[in-house]
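Heads up, the chain below is alone and in the form predicted alone; it's given as structure tokens.
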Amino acid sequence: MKTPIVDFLQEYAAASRTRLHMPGHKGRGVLGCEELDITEVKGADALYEADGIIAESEANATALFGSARTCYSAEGSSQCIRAMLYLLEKHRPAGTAPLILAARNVHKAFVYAAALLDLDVEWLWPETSDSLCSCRISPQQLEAALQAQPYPPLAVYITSPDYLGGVADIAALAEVCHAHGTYLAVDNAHGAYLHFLPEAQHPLDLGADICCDSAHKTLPVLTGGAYLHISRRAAHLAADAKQALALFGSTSPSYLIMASLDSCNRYLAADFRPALIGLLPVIEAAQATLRQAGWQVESSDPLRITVRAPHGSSGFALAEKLREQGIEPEYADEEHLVLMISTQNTPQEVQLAVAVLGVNSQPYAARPTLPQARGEQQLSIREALFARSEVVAVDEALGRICGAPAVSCPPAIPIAISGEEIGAAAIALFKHYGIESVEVVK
């Protein structure tokens, strides 16, 4: 498969032109990548008006993923999430309400997009909660939620896989959505590789209408590289995809990031699937070894190992144990440790992490049930985010209205949503996740 962006950048660098154009480093610098870092010079195409090398590269990605259209983002899935909501609102199906039903474990980028677009959101809650990161919504729950609406919402929005690796039943959820005449949108930031499994499990393969992938999370792509995918079923959205991305993106997207997406196309077309298939047994063996050593390994997507911390320990402590041996995990909280693996990891690296964790001799306490912060919506998300605000200690936030959501990244999942009244359950969750202050509306 051709790599038109990479080829152009290499040819441009080899020509040793005098660069009387941006960027200011002029192709020289200490990083070593400056000669490939350009702007929209002649022949380089432009991301949001692509009709040359970028268009050719995106067409390659479209073919690889089997979408109606796949577009690049150099600003991560955050840009794609905003673009998705814009497209869904612009193409709201006839007879639907200007409302999105969203599983509560959304990334904060969703909240910001809802504020910018002034969208109404109604939350889908799990029956029980043991982590801020998870929000398990069954097809039966979704059916009941849709039947309770006077009109179908314009879309249903879920996150799958979630930060702990939980995977939704997208095929069944899509069937429910389509029966009610509404779109299914998926934040698939952690699952760009799913199309290339022996049995494809990407949201587009399972019936989602639109989704985003953070390519950089699981593929050999520079940080910030992402995809906006539109399914063939929702092909009518494709014509406005570039406009949607341009609305929220910089007019100076990184050519280095785009080149890494372009290079990844060749890898996906040739070597990735065999490498992925070869990696899966390594991860499965690591999980089996951990279980035999007394660890509780949670169900997750195939490229993740999620370990539950035993009684008397924490995910934070397990993460420090790994760091002492030069291993940096993806995520840790009080209850969990998450290791994200890709085809760029060696089997030895995975096995070393397992060996460092060693044997667990501690018992497991009953899985804690966390409170659900179902605060009353006193202002719209937009009104609250644009209102004057102040930062107060969590203990002083009871009864106040949330301004900007207080959350660290990762996992960037808000406890209280902008415009909600902060109740006792939210206070308890803030303390549980170590959040000491919160922004509230004045």
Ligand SMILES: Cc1ncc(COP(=O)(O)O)c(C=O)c1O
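Because the structure is a prediction, the values reported are computed rather than measured. Don't overthink the numbering: it's just position in the shown sequence, from 1.
One more form of this protein, predicted in complex with the named molecule, exists but is not displayed; see below.
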| property | result |
| --- | --- |
| In the model of the complex, residue 195 touching the named molecule (heavy atom, 4.5 Å) | no |
| Contact label in the model of the complex: residue 336 to the named molecule, heavy atom within 4.5 Å | no |
| Residue 249 within 4.5 Å of the named molecule in the model of the complex, heavy atoms | no |
| Exercise: residue 261 in contact with the named molecule in the model of the complex, heavy atom 4.5 Å | no |
| Candidate stretches 139-147, 159-167, 91-99, 275-283, one within 4.5 Å of the named molecule in the model of the complex by heavy atom | 159-167 |
| Heavy atom within 4.5 Å of the named molecule in the model of the complex - residue from 205, 75, 301, 298 | 75 |
| Single option in 308, 217, 242, 180 placed near the named molecule in the model of the complex, where near means a heavy atom within 4.5 Å | 217 |
| Contacts with the named molecule in the model of the complex, stretch 178-215 (heavy atom within 4.5 Å) | 187, 189, 190, 214 |
